[in-house]
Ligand SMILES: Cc1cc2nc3c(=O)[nH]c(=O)nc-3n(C[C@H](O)[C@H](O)[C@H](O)COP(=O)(O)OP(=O)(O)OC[C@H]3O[C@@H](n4cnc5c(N)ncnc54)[C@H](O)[C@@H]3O)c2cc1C
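The chain below stands alone and is given as structure tokens, in the form predicted on its own.
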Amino acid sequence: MSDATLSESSQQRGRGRRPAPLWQAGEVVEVIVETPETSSLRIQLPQPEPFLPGQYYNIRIPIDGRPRPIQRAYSVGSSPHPYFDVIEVGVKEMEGGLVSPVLVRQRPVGSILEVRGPYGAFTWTDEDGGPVLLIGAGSGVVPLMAMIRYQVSRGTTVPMHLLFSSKSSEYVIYRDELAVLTTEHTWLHVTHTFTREASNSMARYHRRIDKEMVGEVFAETAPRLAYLCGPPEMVDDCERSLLELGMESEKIKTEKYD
């Protein structure tokens, strides 16, 4: 997730079902550089809570010149199965951001972060069934990757098709892992589109996600469920395209990064 927060409605969906989680001091046990602007932080939780693929945690850190710590929400990219005591959050560094540059550049292994969660109703498990169409742009792939990793860890085979927009091959989050998973699991298909690299054959498309693209992948997937995550305009456009293709609104789950 970027330095921007999840939309207010997204945060509210995860409330009211159980007592609010408490802040806890998590330790950064690994930092994985995913792209030039995105890192995954693996955080050991002293008081882990079960979570569902697609949920997120809040992280707050002190910022010089600010009277109180600044809080942001970051999606979990790791699977809660079989273990959930370590969560992996994806952080995209935003130019001018207050929190993301600190997390990406200044929180090495051994750092302590205040975290609270999990939150959110943007979730999938094998009990929800499929086929599943996953559409993400940039760091919007993080909660979708949690769903993919969860299915890998569970050994289930619900068909999934990920339509993933990135600036270029260099900026594909989880690039190598996704490539391996598609060769190991016939239930997983990944379609890349690059917006700033027109000649790379790794991508099937070379433009922003649009109605025609969604329609083609929809026809190949015949999804029963769809999960859309990324910038509000992209999510809204994709949702509109799926509705026009005849998909029922309650089968379309969305998460917007403001």
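If you're wondering where the values come from, they're calculated on a predicted model, not measured in any experiment. Residue positions are given as counts along the sequence shown, with the first one as 1.
Just so you know, the form predicted together with the named molecule exists too; it's not on screen, but the next bit is about it.
Considering the named molecule in the predicted complex, the lone stretch of 99 to 107, 162 to 170, 179 to 187, 78 to 86 in range is 99 to 107 [heavy atom distance within 4.5 Å].
Mapping the unseen interface onto this chain, Ala121 falls outside it, with no heavy atom inside 4.5 Å of the named molecule in the predicted complex. Although the partner is absent from this view, Glu127 stays clear of the named molecule in the predicted complex, with no non-hydrogen atom inside 4.5 angstroms. Residue contact with the named molecule in the predicted complex: Met147 places no heavy atom within 4.5 Å of it.
Within this chain, Val142 lines the site of the named molecule in the predicted complex, having a heavy atom no more than 4.5 Å away. Though the named molecule is absent from this view, in the predicted complex it lies within 4.5 Å of a heavy atom of just one residue from Ala73, Val115, Val132, Ala137, which is Ala73. Residues Arg72, Ala73, Tyr74, Ser75, Gly90, Val91, Lys92, Met94, Glu95 are the ones in 61 to 95 with at least one heavy atom within 4.5 Å of the named molecule in the predicted complex, listed in sequence order.
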